[in-house]
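Next up: a single chain in structure tokens, the form predicted alone.
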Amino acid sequence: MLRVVVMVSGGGTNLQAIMDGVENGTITNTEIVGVISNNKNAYALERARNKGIPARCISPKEFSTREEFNQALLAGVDSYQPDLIVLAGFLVVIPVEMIQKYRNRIINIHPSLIPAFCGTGYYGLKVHEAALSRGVKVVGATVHFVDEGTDTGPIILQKAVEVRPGDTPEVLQRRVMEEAEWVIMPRAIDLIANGKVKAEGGRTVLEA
């Protein structure tokens, strides 16, 4: 059974998709053992508690230095003894120590088709604003392993979404969530839980 910790900063729609996937059998061989947020007001924490999943806030604001926060965050993650850490809209830089300790066991969802519209400064609505400004016709989402760079780790799954005339950043964001993020994140977790994906030399290998 894959032990998963989900880290999230906001409403937790991807967390909800993961919880639903575990519940309805889309995600197999998996249990969510904890949810961590850097924001005590994140609705994601309430979503987790409503399902009986342990949930806690570890905020940088509670610590005098970033190093102290990083240590507390790593200790918080370690306390759940996870096999996989899922970043589902977690807007905090992951400590290098955590990346090294959990190498190829941390995955992230990004609302673009990497390498487009990714890296420093590209998050949330900013991604969709940039895509519409550029006039692209296809956007999407990517699930990837986390490494020391920003959105640079080995790609696990991607799904494209059509841009429609009249799209606003908010409308496009919602469509990317519904048609891509909430589909490929549960799928990626299921692949990992069943030993069907691994990272090799900067890229992933998927087994049939």
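Numbering starts at 1 and runs along the sequence shown. Please read all numbers here as calculations on a predicted model, not as lab measurements.
Note that the form predicted in complex with a small molecule isn't included here; everything after this is about it.
Though the partner is left out of this view, V86 does not reach within 4.5 Å of the small molecule in the predicted bound form, counting heavy atoms only.
In the predicted bound form, none of the heavy atoms of G76 sits within 4.5 Å of a heavy atom of the small molecule. Contact annotation: A116 falls outside 4.5 Å of the small molecule in the predicted bound form, judged by heavy atom distances. Within 4.5 Å of any heavy atom of the small molecule in the predicted bound form lies no heavy atom of Y102. Each of G10, H110 and M177 comes within 4.5 Å of the small molecule in the predicted bound form, counting any heavy atom. With the partner omitted here, the stretch from 117 to 125, 68 to 76, 131 to 139, 94 to 102 that lies within 4.5 Å of the small molecule by heavy atoms in the predicted bound form is 117 to 125.
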